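Before any questions on how it binds or moves, here is one chain, the form predicted alone, in structure tokens.
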């Protein structure tokens, strides 16, 4: 036997070890890479998780208890967005901060989706919009996801984006979007049944976040703690609200958790109005987060029917 044909035990062991490592790595490789999506707000992320199922990875930039109008643009967000295929924007000038994140990510292949496309937008300004009106959005009220019917429109926009990003799984995405619609149909009947005793009730809200929610469930917003969006109330405005609450017999005040509670608490002391601190965004970005958010909000509000304070 030639010396060149003799293999040392060390050489055999090394090659065997390399082969085992390679085989192990192969066995644990995913069958296909998941589509990565970023969303401006948790509700868009949750709906995307539902429609995308196991074929997507989704995260939200803003959090449930943070003001979605104002998000600090961090380099870490840009790095995360540099790796996504799709960015879901709320649109209607709510998340203009997202543009800086997308641009800073230098992601040339990203698909940016305006999830407000197709929504029947409420509170579109008819006159001139300037700083004297506060934080008024020229394109209309941007909190459209709080009408669950608009969740169907968001789901359709997400489905179309996923079909484009991953055509091989289009049938899965289409099927999940259909199931989302079916789930909505079951839940909306239950939600409206629970909210029926409150139909036509006068309410106060802190910010204009709840216009779509009120429209969906027959509530009548008769005043805002903010005299104009984003403008803190004056003592005069609060006193005017006290009189309005009494006149309109408003029994509920809905406040976002990222605003100070001192003014709603003052109104509670003066009138007995029940204060609910509810987040406009869902807490979970999981597939059931969007629907659970309505379960939680409606569960809280309908407690008024059986034992809530009266004005």
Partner chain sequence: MFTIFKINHRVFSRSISTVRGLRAALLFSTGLPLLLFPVSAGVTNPDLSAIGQVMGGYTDSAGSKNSQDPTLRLGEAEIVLDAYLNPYLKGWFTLTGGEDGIGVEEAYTSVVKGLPWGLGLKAGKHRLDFGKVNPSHPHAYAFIDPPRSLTSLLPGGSDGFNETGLQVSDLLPTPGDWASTVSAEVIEGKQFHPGQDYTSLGWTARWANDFLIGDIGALETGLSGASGQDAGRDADPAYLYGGDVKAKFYLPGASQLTAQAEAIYKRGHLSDSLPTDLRADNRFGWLASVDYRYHTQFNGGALYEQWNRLGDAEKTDRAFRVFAGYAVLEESTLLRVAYERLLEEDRAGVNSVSMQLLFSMGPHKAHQF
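Computed from a predicted model, the values in this text were never measured in an experiment. Numbering follows the first chain given and starts at 1.
The form predicted in complex with its partner chain exists for this protein as well; it is not shown, and the discussion that follows is about that form.
Under a 4.5 angstroms non-hydrogen atom cutoff, its partner chain in the predicted bound form lacks residue 117 among its neighbouring residues.
Its partner chain in the predicted bound form comes within 4.5 Å of no heavy atom belonging to residue 173. The shortest heavy atom separation between residue 218 and its partner chain in the predicted bound form exceeds 4.5 Å. For the chain shown alone, residue 266 is not a contact residue for its partner chain in the predicted bound form, no non-hydrogen atom being within 4.5 angstroms.
For the three marked residues, 63, 83 and 258, a heavy atom of each sits within 4.5 Å of its partner chain in the predicted bound form. In summary, the region of this chain contacting its partner chain in the predicted bound form, judged by heavy atoms within 4.5 Å and restricted to 176-184, 149-157, 190-198, 75-83, corresponds to 75-83.
The partner is absent here; in the predicted bound form, the one residue of 106, 164, 236, 124 having a heavy atom within 4.5 Å of its partner chain is 106. Contacts between 220-234 and its partner chain, taken as any heavy atom within 4.5 Å in the predicted bound form, involve 230, 231, 232.
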